[in-house]
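Single chain ahead, by itself, as structure tokens, in the form predicted alone.
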Amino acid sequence: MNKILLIIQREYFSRVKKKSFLIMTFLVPVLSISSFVLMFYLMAKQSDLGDKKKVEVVDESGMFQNSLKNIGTLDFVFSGDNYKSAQAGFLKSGYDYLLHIPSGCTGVQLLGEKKPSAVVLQNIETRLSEIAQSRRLQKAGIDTAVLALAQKPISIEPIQLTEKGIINAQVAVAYVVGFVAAFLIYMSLFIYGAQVMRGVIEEKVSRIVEVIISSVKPFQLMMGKIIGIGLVGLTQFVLWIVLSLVLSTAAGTLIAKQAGVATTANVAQMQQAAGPAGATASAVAPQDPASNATKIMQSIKSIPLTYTILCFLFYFLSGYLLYSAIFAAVGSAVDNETETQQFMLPITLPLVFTFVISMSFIINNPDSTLSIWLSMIPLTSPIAMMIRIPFGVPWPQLVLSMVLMVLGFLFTTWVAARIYRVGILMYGKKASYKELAKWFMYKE
């Protein structure tokens, strides 16, 4: 046991002390949260950060003269010239666009030296449609406020009834949490498993393993290397989680404050732009993205983080130990990384298959028969179960999955150790599946 601990210590500290480990540990959460904050900041400030576009308006209908106001990055200036005169002098006018509104509001044209962006076109269409609709309703004697309430969409709030009471069931957040957790496990199994395989190959090629084997058993060497590198990954994930929680709390406060300011400003702008249609626009307009950011942060807080994180750490560790044992066996059977390709497809296929099907099926059907079976099979359960956990998994299924993961790890390690003990000292002989079977059958 002491020899395994020494190998674990060597593998752990040789990697943790590297500058690349420290840089990536602190850089990943900082960049992730910073990107999140920047995205919502740009969404909230998009009207202030964009270049101002000056639009000359020729309104032959007379419907928009006092209603089409400046909003966001669009400045509207009404022209006293007719359309032909305005068009003739447009290139020297200094305007970005020329908006022509015929008397019947049909065949509206936006003239520009350059093509307008989709956002500019959509914003102008939206403003004109709101004002025109309000004018037509008022002309017909229809109360726009009453109509706005009648057209107001119905929003459904998902609620989950449990033995502990009623809780808010945020489906979108469960999607994101499940996807992120599964993706992290998916990537970590490849990254850290490959590190184990690469380390075994390097020691074998440099013949250092012959010296080490004289002092420790092959099984002790394999387990020490697997556990040591696994602890490196676990340390990195724990630091990522802690740093992410701290930064997320700070980011949530910042976004909440920004959301309040942005929502108030946007509502005022919409009411000013729509004029008499302001009440209608306010009643039926979609919520501001910055306001939605506050709800998302509140939804994240409603998730049982401790339970989710503990499940994540278990499936990360158990999945890593299972796959790393296989990677170590493959590394001991070859003399260079090129020869590992023939063995990689059977190893990675369950992971790739589960990850792909998770994004299209499991995440939409977490309680289906296929989802349950995939979350029980040790080779696929680390990804499948992490997709299902945010949606709620019955305790018997979770316990059974964990027990099978532990048994799967023990069995895989036993098989890998029997191959490792022979392969680690084999040189110059190209391994095949038949050869691996022979090594497995060799007696002690």
Partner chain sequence: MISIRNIVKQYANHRALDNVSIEIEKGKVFGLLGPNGAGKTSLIRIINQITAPDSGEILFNGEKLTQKHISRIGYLPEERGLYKKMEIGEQVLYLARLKGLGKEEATRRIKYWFTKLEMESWWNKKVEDLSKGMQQKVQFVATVLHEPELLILDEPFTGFDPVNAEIVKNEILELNRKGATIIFSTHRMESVEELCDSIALLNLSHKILDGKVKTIRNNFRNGIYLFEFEGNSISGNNNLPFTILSETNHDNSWQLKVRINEGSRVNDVLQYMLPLVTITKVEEVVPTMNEIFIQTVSKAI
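Numbering follows the first chain given and starts at 1. Here the structure is a predicted model, which means the values were calculated and not measured.
From this point on, the text means the form predicted in complex with the partner chain, which you will not see here.
The stretch among 216-224, 175-183, 105-113, 352-360 whose residues place heavy atoms within 4.5 Å of the partner chain in the predicted bound form is 216-224.
Shown alone here, E202 lies within 4.5 Å of the partner chain in the predicted bound form, counting heavy atoms only. Taking non-hydrogen atoms only, K152 never approaches the partner chain to within 4.5 angstroms in the predicted bound form. Although the partner is absent here, E339 lies well away from the partner chain in the predicted bound form, with no heavy atom inside 4.5 Å.
Not displayed here, the partner chain is kept clear of K430 by more than 4.5 Å at the level of heavy atoms in the predicted bound form. Proximity to the partner chain in the predicted bound form, taken as a non-hydrogen atom within 4.5 angstroms, holds for one residue of D335, D143, D367, E210, which is E210. The contact with the partner chain in the predicted bound form, taken as any heavy atom within 4.5 Å, belongs to S206 out of T306, S117, N82, S206.
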